[in-house]
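In what follows, one protein chain appears twice in different forms, each by itself as structure tokens: structure 1 and structure 2.
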Structure 1
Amino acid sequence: MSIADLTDVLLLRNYNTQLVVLSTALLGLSSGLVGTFLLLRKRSLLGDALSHATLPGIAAAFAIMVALGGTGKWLPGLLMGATVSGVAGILIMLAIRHTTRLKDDVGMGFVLSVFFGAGVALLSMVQRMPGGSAAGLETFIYGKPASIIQADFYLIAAATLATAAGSVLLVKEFTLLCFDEGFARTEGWPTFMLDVMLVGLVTVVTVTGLQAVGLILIIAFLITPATAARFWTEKLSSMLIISAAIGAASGWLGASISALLPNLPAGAVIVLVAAAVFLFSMLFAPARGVVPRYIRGRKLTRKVGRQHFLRAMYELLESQGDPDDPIASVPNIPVPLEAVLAKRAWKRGELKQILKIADAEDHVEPVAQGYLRLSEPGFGEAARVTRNHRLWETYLVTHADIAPSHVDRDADMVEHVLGADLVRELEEVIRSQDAKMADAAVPPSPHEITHA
């Protein structure tokens, strides 16, 4: 396989693979849209039960068509059979839910295994039927996009575009159904009918996807793009677009790769491409990805540690000032390392980490061994941090009825995230009660400060 081959396939210049690549891309697009709602309705496994339940229908449709004198390979006929038995499987699932107290997963597991078992048995029976050649029916189990011909393409294109249109048309209704079914019902929306429509769309996508992806893996094609898309956004409209794009891209890319590597099962390749996108999204998507979240958490921890250090220094320096006028005369003198350590019960290692950050920001200056001294900007920053802390404490005491002895801890977490406008707001609130307090460079602490 050369790069030129791959680009030919990807860019649809290869006539043999053109239809295949387009079909799977369209399938991916509509399964991305429909899958988003299936996921948000928390019915992902319903798709799995549905796809497995199609197998006996395929075998039966084949048998009937052969008995009627055809070859049994007419795709629309096979898909009709798949639809009928898939829907029957879902109806049985619903019946189990409504007539017994069994949970949904039991019904799904039952339908999935029994229908699939029956399908496999039927398939081996029809393969022995005289007149028809059942070879190729297993395409529907594992998927074989290369078997898509022109007539199949028209069918797939029409079905997928119709489901895509349907889910776009019903965005508002499906959103309400998925988010708050009870509210939807009180508002007079026919929630049962909406569920039927959603499952109907899932059925169409599943059945048309059988030939390309196969009934075992089609569920991954339905769920993976939507799950991956969720990592990128908090908005449903964007999630739909991203999910459709991921689905279409994995279909396109997966079918192209498998066209060039005919020994690999195509359904598996397509699903693996989608899974790779999922993995990447889970790790690196800025909105909800694992790595960006870890980095944000670490940044906050570092910021908190730095601010704690600065405030500890400031309070220690404060205790060295003129006791009659503690606010005006805070000297910036070297502070023993031991005193800083004792102040917040830091371990040596922790403080070392924090000092590294402080050093990088030029907040500390080198002095004699065992002592720490704030630099000019570090001292200013320490005063600012302490001021925010105390403003917030004062606010909690005066406005939120929190006992002064408890205020330190409560203030601690919030103050680190105070933005400039929130600080200004705080000043306004406190000024209305005590102007001196709000305007002080660093107001006095509302509670006693211990230096351990």
Structure 2
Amino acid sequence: MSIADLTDVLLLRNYNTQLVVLSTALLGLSSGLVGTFLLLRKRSLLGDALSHATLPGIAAAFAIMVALGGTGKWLPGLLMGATVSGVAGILIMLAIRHTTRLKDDVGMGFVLSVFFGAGVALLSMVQRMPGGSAAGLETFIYGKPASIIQADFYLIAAATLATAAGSVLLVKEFTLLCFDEGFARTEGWPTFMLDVMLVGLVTVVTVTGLQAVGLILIIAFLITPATAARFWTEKLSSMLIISAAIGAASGWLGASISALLPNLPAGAVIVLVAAAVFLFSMLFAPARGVVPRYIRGRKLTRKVGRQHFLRAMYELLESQGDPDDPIASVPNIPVPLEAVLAKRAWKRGELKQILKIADAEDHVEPVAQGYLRLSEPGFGEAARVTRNHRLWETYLVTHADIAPSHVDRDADMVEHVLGADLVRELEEVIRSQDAKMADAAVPPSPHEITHA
């Protein structure tokens, strides 16, 4: 592979490369759009069953065209046969789902195995038919993008346009169908017809993608871009855009790599590129990726441990103040290490790790061995953490009917994610009943008020 070859492929100077790359990119775009709804509908394997159900239609269409005097290789006729067979398989799946108590996976497994078996049997029969050669039909199983011609490109472009238009026009209805089919039915939406329309879009993508990636790999083209996009966002609109972009990029890059390395089958390379994007998304996507989620979890764990330590220290210092006015006279004095360990039943190793974090954040200062003391910024942070905790406790006791004996546990589960806006809201709610409590530097604990 030379620099000239690479430049020719990247700039699409070769006419055949243009057709193949643009066709697979458009197919990836439509697969990403439809695959998103399939994924959210929890029917990702529907495309697999549909693709396998097209095989007997391809063989039957070939036999019919040969019987009528043709060669049997007319692509629109073969795709028409694939469509009829695929729709028949889908209707059988829907019939099983809506007329029996069997679940979707049973219908998909039945259609996939029976139709694919019938297709293999028919292919072996048409290969022995006189007057026609079945050589090349296996490309619909494994895919052969290099055989795409201008008419095929126009067909894929039309299918992409139809799929994109259907996905955009019906996005509200498909969203409702995917997230709450029961609610949609009770509100009078035609859920069965919406299901059929979604399956129709899947059929269009599957049938037009047979020549590019084959009926075995088309399922990966339907599932992988949508699954990768799911790691990047929580919004459906963004997910549709990202999924379509990943699908188009996978088709573009896969076909380009195959053009540069002719010994590699394009369909397999396209799927491998999509899989690589999926793995990268799974690991590094900021919204739901494994690595960012692990980092966020570690940060939250450090924050929770630090806040528990600061609150434990402040409560121990509170107990050393003036009993008549504990809020105004909290002394910042050294606290025995054993008292801190007993306060939250920490193990020494756990407390040691927390103290490393506190020391790095300048929340503790050195004192005599066996004692701990908060620094000036640490004391201020401890007061703030304790105040937020008690505001939340007070709100739960007075407005959520949580028993004072249980409120500490419930407050512990939420207090670490209290933002400044939520703290202000808590202050306003509590101020409406007790202004002194809300305005206090650190309000008294609801436990002490109740016990008193």
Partner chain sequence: MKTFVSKAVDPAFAPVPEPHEHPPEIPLAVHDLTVAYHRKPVLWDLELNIPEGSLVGIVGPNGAGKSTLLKACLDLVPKTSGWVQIYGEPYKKQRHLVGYVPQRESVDWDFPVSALDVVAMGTYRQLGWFKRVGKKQRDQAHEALEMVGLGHLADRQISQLSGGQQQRVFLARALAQDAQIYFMDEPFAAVDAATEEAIVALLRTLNEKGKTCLVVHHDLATVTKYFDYLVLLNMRVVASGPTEATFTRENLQKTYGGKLNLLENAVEALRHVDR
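Quantities reported herein were computed from a predicted structural model and do not represent experimental measurements. Between two forms, the rigid core is defined as the largest C-alpha subset superposing within 1.5 Å. Quick note, the numbers are simply positions in structure 1, starting from 1.
Enquirer: Return 1 or 2 according to which structure is the form predicted on its own.
Expert: Looking at both copies of the chain, structure 2 is the one that matches the description.
Enquirer: Can you say which of Tyr294, Phe280, Arg344, Val171 is at the hinge when one rigid part swings against the other between structures 1 and 2?
Expert: It is Tyr294 that sits at the hinge.
Enquirer: When the larger rigid part is held fixed by a C-alpha fit, how many degrees does the smaller part turn between structures 1 and 2?
Expert: Between the forms, the smaller part turns 12 degrees against the larger.
Enquirer: So with the rigid core superposed, the C-alpha of Thr100 shifts by how many Å between structures 1 and 2?
Expert: Its alpha carbon moves by 4.0 Å.
Enquirer: When the rigid core is overlaid, by how much has the CA of Gly349 moved between structures 1 and 2, in Å to one decimal?
Expert: Core-aligned C-alpha shift comes out at 5.0 Å.
Enquirer: Once the core is aligned, what is the C-alpha displacement of Ala368 between structures 1 and 2? Give it in Å to one decimal.
Expert: Its C-alpha shift, to one decimal, is 8.0 Å.
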